[in-house]
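Just the one chain here, laid out as structure tokens, in the form predicted alone.
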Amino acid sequence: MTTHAKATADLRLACIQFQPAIGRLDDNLKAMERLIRQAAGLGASVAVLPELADSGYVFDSQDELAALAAPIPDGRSAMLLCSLANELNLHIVSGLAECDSDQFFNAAMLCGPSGPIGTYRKLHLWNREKLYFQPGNLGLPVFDTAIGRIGVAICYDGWFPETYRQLALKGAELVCVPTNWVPMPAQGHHPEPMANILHKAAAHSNGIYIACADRVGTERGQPFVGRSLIVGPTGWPIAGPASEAGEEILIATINLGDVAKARALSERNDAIGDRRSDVYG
């Protein structure tokens, strides 16, 4: 494995925040391509897009989802992303509506310049997602890529500390998070969404980079909070939060070699090494 050599180089990481429209696949793919090209023009080596970026989110029937979902990596959306990754020489992580035989998954695909690398299927389904999608059945894979070890989580997965701990223990240096964050109960007028707080904590306690690409807008009465964020392995934001409502591309320069250093919290402490696995597994 060549992770150590890969992790010494600086990377430009982009989180793309925009407003997909439910059911408008053509328009969504055009927006995704336009924004990916913009991110590449800003020097991005990695681009992360929102959850269900190609389809929109608030489905009103299984038939509507079935008309929009497609296989990964052989469906239209996945093939477009792989083509862009090849042309622009970058890695792309995007949420997609996936159809696999007669089952549907809230999924994300990772592709690179040489083609598709892997698929993640959301483990923890939120609210009405449970009416239309199957829970993820691919576990929490970490993909060994030409630029480093990349994990993927989707939206509500981030409310479970086990998600990021498992990815960190499997060697993830960067976790890409396509998301459609919604307001949490009791959010009220608190200035910072709970999602941002959780992901800063997860980055700090696991010593990993976390890149969250959220959507914006209101879809069929459901508002989304925006506030996309890139967090460093010390837990502090290195880009964002983005705005609550606007289309935006966050850019940060990261070095995956910083992960090991960030976990050394003091001369005698390590965020991963100090775990008492004899007590809690």
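For every residue, the number given is its place in the sequence shown, counted from 1. Remember, predicted model here, so these are calculated numbers, not experimental data.
There is another form of this protein, the form predicted in complex with another copy of the chain, and it is not shown here; the text below is about that form.
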**Asked** Looking in the model of the complex, any heavy atom of Gln222 within 4.5 Å of another copy of the chain?
**Response** no
**Prompt:** Given that the partner is absent here, does Ala146 sit within 4.5 Å of another copy of the chain in the model of the complex, heavy atoms only?
**Reply:** no
**Prompt:** For Ala21, is any heavy atom within 4.5 Å of another copy of the chain in the model of the complex, or not?
**Reply:** no
**Asked** Is Gly136 close enough to another copy of the chain in the model of the complex to count, meaning some heavy atom within 4.5 Å?
**Response** yes
**Asked** Of these, 93-101, 68-76, 146-154, 202-210, which stretch puts a heavy atom within 4.5 angstroms of another copy of the chain in the model of the complex?
**Response** 202-210
**Request:** Would you give me the residues of 136-169 that have any heavy atom within 4.5 Å of another copy of the chain in the model of the complex, in order from first to last?
**Result:** Gly136, Gly139, Leu140, Tyr156, Trp159, Phe160, Pro161, Glu162, Arg165, Gln166
